[in-house]
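One chain comes next, on its own, written as structure tokens: the form predicted on its own.
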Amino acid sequence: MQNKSVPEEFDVVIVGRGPVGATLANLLGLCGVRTLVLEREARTYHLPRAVHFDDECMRVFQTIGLADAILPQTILSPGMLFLDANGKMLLDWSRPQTLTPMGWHLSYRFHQPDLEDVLIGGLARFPNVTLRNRCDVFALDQDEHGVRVRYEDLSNGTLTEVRAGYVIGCDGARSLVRRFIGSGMDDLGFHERWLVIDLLLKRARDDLGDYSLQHCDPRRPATYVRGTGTRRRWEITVLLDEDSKEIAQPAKTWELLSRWITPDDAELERAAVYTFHSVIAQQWRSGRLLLAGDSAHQTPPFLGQGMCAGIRDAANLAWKLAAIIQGAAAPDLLDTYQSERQPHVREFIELAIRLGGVINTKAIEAGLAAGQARENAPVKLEVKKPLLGPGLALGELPLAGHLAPQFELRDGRRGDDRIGYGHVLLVESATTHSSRLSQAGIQILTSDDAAGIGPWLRQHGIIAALVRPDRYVRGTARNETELDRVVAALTPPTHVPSAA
């Protein structure tokens, strides 16, 4: 039995075991960080919630060694079409069906309980990661040495405390950790009730199609999403005078669905009214307490970027925490977490709100400014991923803050599988800095390793690119002098550069 006077010690405690918390725990597991995950619920929530993730998320899942287990449980999305009240196409947001520079496809559909099971199962590989279910955190007290975390084991009422170097709140929209940080929320102005309906087909309905459809009907906007297997989802606007409980009753739900589908075609798995919000926490960190995922930001679902944003948070945060805990960086490295992630997520939320405007308003043309007009054809929408906000990137150099591509190695493997969750310098050929870089734990990938590196460097007018563990470009060099500067920024490893 544990001596109550000496609490267990962990480097990181993660509050919440959803996709963001579980991804973060897998990344910290890779880094050898002693991690405890505390989850209030007994098991994975069995109903669908998030249904889409992108190529960047799949690259993170590849990093934690779980992409091959996740891939068979996904389907590729051809994209999204926006239709007016008469079914005429307004906006064409098709996704290419080829691999992107990330090495994966642009858009995957999935069933969230399946994904969570793989992510949680992955934690068992790491002896340094502990998961405790039915544990409800109720108090966090931090001092200069760490955080005292107190929680109740709901299975037997036992109260326990542990010590942590850092606590990460992956505990959702009503985050306890955010309350302890004391952060207010910036409201971006979108708050709407939508009825989310999940169905399981009883017979083939190929006519429904694989594209997501946004029905831009001013009387009652609606969204259709093809899920994995027999899963189909509709999201339908709840009007101001309608009661949330009444509209979610089966008879009313089937009445709203009658344009598209009947009880003969499918069984109702769930119908629930959600209020879609657009908010961002003003403060993502207070000392040793940090936020990730929905505790830090919530977005309307029209871009399918809610969970993706949280996965990016985890990828940005884990290597920084590991570097600090292992003595390779100073604690102020964590200041770059919010400064890099907040502008990125804000841009995605603002675009989601604009797309919501296309779906929701009679002034549809105003929303179409987000796309590219084509003669006698629907507007084609292409979404460029935002850049990182200011942080570690050596700012005035080309590509800083952009995602780096994943190169195919000459032996056919994906480049990230060789690099792992670490820094890498991409160069045409071996550099005089090689030994210094390897001492700092930075790998080198050359054109001898991957044929695509040389052409990519030349295309951007650079001779080298330093890529971070989260695959963003930290700095590039157009000549040997700049290369010296990039290398100096990372060696010796105890030095943390300020933002350029």
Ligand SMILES: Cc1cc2nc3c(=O)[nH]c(=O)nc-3n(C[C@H](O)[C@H](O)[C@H](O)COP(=O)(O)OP(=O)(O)OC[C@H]3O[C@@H](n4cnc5c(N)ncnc54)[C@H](O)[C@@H]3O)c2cc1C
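Residues carry their position along the shown sequence, with the first being 1. Source: prediction; values computed, not measured.
Below: the form predicted in complex with this ligand, not depicted.
This ligand is not shown here, but in the predicted complex it comes within 4.5 Å of a heavy atom of Gln112. Under a 4.5 angstroms non-hydrogen atom cutoff, this ligand in the predicted complex lacks Glu340 among its neighbouring residues. Although the partner is absent from this view, Glu235 contacts this ligand in the predicted complex, with a non-hydrogen atom inside 4.5 angstroms. Shown alone here, Cys170 lies within 4.5 Å of this ligand in the predicted complex, counting heavy atoms only. The three marked residues, Gly21, Cys135 and Gly306, each reach this ligand in the predicted complex, with a heavy atom inside 4.5 Å. Screening 70 to 78, 298 to 306, 398 to 406, 243 to 251 for residues having heavy atoms within 4.5 Å of this ligand in the predicted complex returns a single hit, 298 to 306. The listed set Phe276, Tyr421, Tyr224, Trp260 contains one residue whose heavy atoms approach this ligand in the predicted complex to within 4.5 Å, identified as Phe276. This chain appears without its partner; in the predicted complex, the one residue of His433, Arg49, Arg468, Arg59 with a heavy atom within 4.5 Å of this ligand is Arg49. In the predicted complex, this ligand lies within 4.5 angstroms of at least one heavy atom of each of the following residues of 12 to 41: Val15, Gly16, Arg17, Gly18, Pro19, Val20, Gly21, Leu38, Glu39, Arg40, Glu41, in sequence order.
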